[in-house]
Every structure is written in C-alpha cells, then in structure tokens.
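What follows is a single chain, given as structure tokens, in the form predicted alone.
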C-alpha cells in the first residue's frame, strides 16, 4: 500500500511513517525541515523510518518539500493510496506572533492536499487536528458536540482544516477524517513541550519551570495510542467525514506533573514559576467515546505510565537527544 505522510519527519509523522514502513507499506515522508526546533531530532525520525523499512517488506522514501508547493503535492498525493496529513506550523505561541504564516501553512497547505486528493484515486485523507479547536471549556471532558471557539490563531487554523476536510467529504465525496489530538508526547517528542522540558531540567539539576500558577490541566496522550488510532483508518471507512478526539481520558495539573517528575528525578529541587501566555488553553480533557465507537479506540497508557516510559527512553538516548533538547 502506498502511504504519504506529510510532516513525515516530525514527531507524530515520524512515528507514523516508521510504523507504516515496519508493517510492510511503501511510505513517502514529506517534510520541509523548517527549524522550528532542532533538526537533529527530525534526522533521527528519518533514521528510524529507514531502519523500519530495512527490517520489513516495506519501503521508505524521504522527500524534502513544502505542502504550500502545489505541483509537488499534486505529484505525491496523486501516487498515494492514503494520505496522513500531519504537516503544520505548530505552536500556539508561534501562531500569536505569526498568524499569517500559520494560516498559509495550515489552511492553504491543507487545501493543496485535499484538492490533490480530490483529483486522484486517494482512498482516504487523515487530517491531524488539535484539542486547540475547543478553546475555553464550557464543560469537561470535551466531547465533539462542545462549541469550537479557539483562543489562538493555531486553534483557528486547525478548525479551518477540519471544516475544509468535512466539506471535501460532503461536496466531493473525498473520504476524510480529522483527529483531534490532545497533547501528544513520547520518544523523540519536540523539545519545547512540558514533559521533555521538566525531565531535561531535572536530570541536569535545574528546577522545572511552570508557566502560570500550574493549575492548568492537560490530557496527555502517549504516541503509541495516536499511532494505533491512525493505523485503524487504513482498515475502516466508519469515520469518514467525521472529526473526533484522540486523547487519554485522563488529565493532570501541570504543577502536579512537574512535582511528580521532580520527585522521581531530583527531589531536592524547588519548582520555578514564570509568566503564563494568555493564548495557552486553561484545561483539556478528552471524551473519546466517539473514537471508541467508530475506531474501537482505547487509550492504553496513563500519564504516569507514559512519563515513566519517556523518562526511561530519555535516559537510554540521552547521548543524542539531550544536547538537542538543551540547545533548542
């Protein structure tokens, strides 16, 4: 099966490309290698994809390119049976500083992917969305009927992606699914995420830095659960035209998370507090009933289990990962 993963050298895209290649599929990973964070992490994602292909009957090809390049997208989407569209300008804070750039990449780039798929024999386009589409909670956990009132340009761009995916399904009959990720973490994660930051600082004798009072809560989703949810969409059309939450069903205060990591790695350290960004969500918590019904999705890793697994992975890969995290 021919699979295109946009953003295929990134965190989630890299894990998807690796797993698909390991499962014997022919994978093209397309990425523009923008230095939003240290590119050494992306290079390791690529290495893992190539290694997975070598250990299986699959193949792995890396294409350096941008989803804003219509001709390029037409070519590679046209050759794919499935498109897992992970490419985006990430970062809520970045979106506040550069809203036009976020719109160009996330919205216009997604339209290029959808249009190319509409004009080809693509079986399905899976769009990476975000819990940021919800904004301020009217109630928790979020279900898909909750109002979508994003509080950042990033959240607005992800909501626009979802709506275009839905319209392409309804108007053109293109099978599309949007998955609303809730703070994904795990091996090779971005260095500017709370968990990687807390672990890195504690391992180096530095106190974890919390933005705000730390009473914000997050539903952290382990990467393996996200990969499994995406993989299911190779086999079923039950979710076509839908958007759904992919979370852990659990959430934790940022302060408690920092305390638990600190207590595990460097109990002598105090927590440090800094100014909070207004565009950051106050709380996230996923109701995954819809994904459970349509995809048989069941998260398997709690936040405490996942943090322990990530910490063990960090220690085993500290020689290459830590310098990149510390530099970013």
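This structure is a prediction, so every number in the text was calculated from the model and none was measured. Residue numbers count along the first chain shown, from 1.
Another form, the form predicted together with a small molecule, is not on view; read the next lines as being about it.
Trainee: Is residue 178 close enough to touch the small molecule in the predicted complex, meaning at least one heavy atom pair within 4.5 Å?
Mentor: Contact check for residue 178: no, nothing within 4.5 Å of the small molecule in the predicted complex.
Trainee: Would you check, heavy atoms only and a 4.5 Å threshold, whether residue 306 touches the small molecule in the predicted complex?
Mentor: Looking in the predicted complex, residue contacts with the small molecule do not include residue 306, since no heavy atom lies within 4.5 Å.
Trainee: Is residue 196 close enough to the small molecule in the predicted complex to count, meaning some heavy atom within 4.5 Å?
Mentor: Heavy-atom contact with the small molecule at 4.5 Å: absent for residue 196.
Trainee: Although the partner isn't part of this model, could you tell me whether residue 65 comes within 4.5 Å of the small molecule in the predicted complex, counting any heavy atom of the residue?
Mentor: Output for residue 65 is yes: heavy atoms within 4.5 Å of the small molecule.
Trainee: Quick check on this chain: which one of 166, 228, 190, 255 has a heavy atom within 4.5 Å of the small molecule in the predicted complex?
Mentor: Comparing distances to the small molecule in the predicted complex, the residue within 4.5 Å is 190.
Trainee: Among the candidate residues 293, 34, 298, 43, which is the single one with a non-hydrogen atom no more than 4.5 Å from the small molecule in the predicted complex?
Mentor: Among 293, 34, 298, 43, a heavy atom within 4.5 Å of the small molecule in the predicted complex occurs only for 34.
Trainee: Between the small molecule and 107, 148 and 243, in the predicted complex, does every residue show a non-hydrogen atom at 4.5 Å or closer?
Mentor: Zero of three within 4.5 Å in the predicted complex.
Trainee: Quick check for you: of 206-214, 134-142, 74-82, 88-96, which stretch puts a non-hydrogen atom within 4.5 Å of the small molecule in the predicted complex?
Mentor: Of the stretches listed, the one contacting the partner is 88-96.
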